[in-house]
Structures are given as C-alpha cells and as structure tokens.
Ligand SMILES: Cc1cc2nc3c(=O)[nH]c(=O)nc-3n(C[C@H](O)[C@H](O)[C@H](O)COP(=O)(O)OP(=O)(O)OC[C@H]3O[C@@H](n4cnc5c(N)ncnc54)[C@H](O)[C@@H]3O)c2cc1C
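A single chain, nothing else alongside it, follows as structure tokens in the form predicted alone.
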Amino acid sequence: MKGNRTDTDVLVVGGGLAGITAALGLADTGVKITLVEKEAALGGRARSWTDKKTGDPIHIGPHIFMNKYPNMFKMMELLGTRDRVVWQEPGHFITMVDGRTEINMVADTRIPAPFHFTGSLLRDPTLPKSHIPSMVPVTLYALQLSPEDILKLDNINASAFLRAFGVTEYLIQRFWAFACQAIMNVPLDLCSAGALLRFYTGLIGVAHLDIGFPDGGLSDLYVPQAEARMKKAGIRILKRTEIKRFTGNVKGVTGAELGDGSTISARYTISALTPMALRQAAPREWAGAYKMFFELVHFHASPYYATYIWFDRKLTKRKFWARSFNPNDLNCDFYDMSNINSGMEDRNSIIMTNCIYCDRAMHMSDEEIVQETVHELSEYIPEAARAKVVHSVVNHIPMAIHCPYPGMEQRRPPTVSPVGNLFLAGDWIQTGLPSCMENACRAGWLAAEAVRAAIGQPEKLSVDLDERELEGFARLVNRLGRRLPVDPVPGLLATRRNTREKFLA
C-alpha cells in the first residue's frame, strides 16, 4: 500500500458519533466521501460490544440520554432507532444514596423552574434546611449569564467561585462536588466556573428533564444502521486505518497520509479526532501559524473505569442511582442493566459502575476494583455482600471527555478551522454545550453544514438548543438580568452586590 494515493471529495477522519453524523449529513450531496477510523469498529467513545462469556452487551462506559438531546435524536430518527431508549419514570431525575438512605431527586413539573427540585431538597433527611438559602444567590446569578459571561468566568476556579458566593461547605460537597465529578468529569477544585455554571443553568432552568439509557448496546442504536446508510450512499468506510498526519500547508489541508504510507487526497477534510489526536496529526507548522493549534497542548483527557459485575441473584429493581460524593470513594454512579435492557427483567443483577477521573484507582488491580465496587454496592444493598460474583469486566477508558479545567472553554475551537478546507467536529468543539453525546452530534451536523456551504449545497442540519430559552421564573430572571444594570433581587444579594462585577471584570 505504501505510496498509493486515493482521491476523494470529502475526507472524514474519525468514526465516532461526530464523524458518523458529519458523514450522514453529507450522504445526499453526491460528492465522493471517505470515512477513516483507526479501530476495527465505528463508535469511538460511544461504543459497545458483546461479552464473549455471557452474550450480554457491554458499553465502553455508562452513557445516559437526556430528553434535551435534539441533535442526537435527529440522527437516531434518521436511522430508525429513536424509540430504543429506556426512560426513567417521568420527573425522576436521580436517586442519591448515602449508606442505605435514599434521596430521590424528582422534578415537580407543576412548580416552575428553577424551583422544581425544591420539594426533593426539603424531603432530604440528610440536608440541614438552614443551608438551602445559600444556593439562592448563585442560582439567581447563573440564570442571568450570557454565553459571553460564561467565557469570562472560564478562568475562575469553580470551587473558589462558589465559596465567594457564600454557598455552604456542606452543599458544596453534597451537591456541587458530586455534580462536577459526575457531569463535568473532574473534581470541583479543578473545574472552570463558567463550564460548571452553564451545566447548572441547563439543569435548573428547565423543569421537564428526563434521563434515559440505551436499550441494549449503545453501538446497536446507531453504528450498523449508519454503516448501512453510508454504504448505500456510496460512502467509503476504512476501518483499522490510522492517520499519520494531515497533508497540506498553513494555507490549506489537502488530505492525509495514512499509517501505511499511502495518502488520501481530498478537497475538504473533517477532523472528528480528539484534541490530543488532532495535535499529533497536525503538521508542526500549523501550531506555529495558528493559536488554536498551538493551544491543543492544553487539552487533557479525563480517564475512567467502567466496571461490570454479574451476580448470582437479583439485588434491586432500580435502574440507576449514585453515591453521595466522597473523594475517597471509587465509584460515582451505578446501573443495574437487568432492569434497563428489554428482555432482561427476570435476569440476575448486572451492575455497571463508573469511576470518573480515576487517578485514585490507578494503583488497583482489576480484582481489587471489583472487590471495592462490591463493597460500595453493599453499603446501599447489603445483599450484595452475600451474593456471588459470577463474572466481571473492568473497562479502562483513556478518555471520557476533555477536562474542563479553568481556561478550557475559551480554547474550544469553532467548526471552521483557520486552515483552509479543514473543518472540526467532536464533543470538544465550541457549540455552546458541555461535552456529551449531544454535543458530538451537534458538532457533526455543524461540520456537514460547513462543507455543504463550501460545495454550494447549503442546508440547515443542526438543531439549535438555546440554553437561554428557559422556563418559568428562570426565564423571568434571565430577561431581567439582561435588561437591568443590577441583580433582579438586590436585597437578597446585598451582601454580595459587587460579586458580579468582581468576577466579570
């Protein structure tokens, strides 16, 4: 193969959610498209496979759906799999467990946002009610933020920001530290205040939020269907094919050199690589010419372990729960796949867990990880300590998402790169959303839109999700905060009236 050259109109590098969505968005254009993926299967960081011993589907790690995932659902509707999501009971957001105590976070849709979780807070037996008012100032503040404000807060440490707003230490550990670890995938002390508050605004600003799970293997919801659709459209898919480097110069990309020495020449290239992989594939002169490529060195991966344990009995009827935050814990969230996947209702429990930002477990063997996971599980379900482990798998995943450290939001690049004819896609691209499956799909649609515009076939593909389109009282606070020069409730924020100016200066 060395020295061979292939010509294509559009080269898509990376066969994860973003790359697949971008290719699907170009499938009807009539141009020649080649998709390159280094692994043996498509799916990237949203992949699954079948366990050889049990025949059960295994995800690369836990992935959840939100009902506010319009870009991903558009892709699944195109593939005919939109209905293959198992939803929790309406309004039931998450069950937090502290030992054997359950705290059910339920969104009461009869109460306008951002008060829809108030009832759950008041019913939490572990939460001193005197701490709840300390959440009000930061909540009102977050609801007023514009996307530009988020970027201005990006250099601020989230932990320091919350303390400056007077949030009690109890709530910082109880709520914020958990939310940061579970959603942002980094400890609170290492997170951007802007990134965290953007997520928080989405959580409290909309009352109708539901969580769902893939019914079966995550890949089964889109990979075979996407492959079939792409092949029917004439898209060439090259698996087990690694990119050595992009070709061209600082003015424009001309394709890529592959690991075997062959080349693919392309009019347009979409990179759906991680920022770390893009840095390796980009010619060195790009970093010298453009700040965006120079700053790729600042992106770091948040690694995690996903543990699967098959037990000899049924342990619970719950689908999903999470432990109250403790920095010394191994696992964050727990899933019983026998209660999620269709046809498994009568099966013994298959527990899947998520150890996020897993440096605390790097010294542990897989056997030790399983043992500690069983121990943590038994603190909530004592029967787990008496049950027998019949099979286990520990997945070591190098990257969940890029770490949203302070300063990283402003480093997320736009779809159109400074290099001519090079477009970017991936969950780390600047789309106004946190890194997640929805963001990957939105980035893929945006990249396809950019290429379509370049070839003279413009079409709107992405679904805009304006996080400022809030509900209830949250919308009122947002509008008042944009129009008035002071906070909407001055008396409540009087002791911190300068905080907004201080942090946005």
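One-based numbering along the sequence shown. Keep in mind that this is a model prediction, so the values were computed, not measured.
What comes next is about the form predicted together with this ligand, which is not displayed.
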Per-stretch contact check against this ligand in the predicted complex, the hit in 372 to 380, 274 to 282, 149 to 157, 133 to 141 (non-hydrogen atom, 4.5 angstroms): 274 to 282
Listed residue that, although this ligand is not shown, lies within 4.5 Å of it in the predicted complex (heavy atoms), from 243, 264, 352, 332: 243
Contact label in the predicted complex: residue 399 to this ligand, heavy atom within 4.5 Å: yes
Interface membership of residue 426, this ligand in the predicted complex, 4.5 Å heavy atom rule: yes
4.5 Å heavy atom contact, residue 474 to this ligand in the predicted complex: no
Residue 304: touches this ligand in the predicted complex, heavy atom cutoff 4.5 angstroms: yes
This ligand in the predicted complex - contacting residues of 45 to 71, heavy atom within 4.5 Å: 45, 46, 60, 61, 62, 63, 64, 69
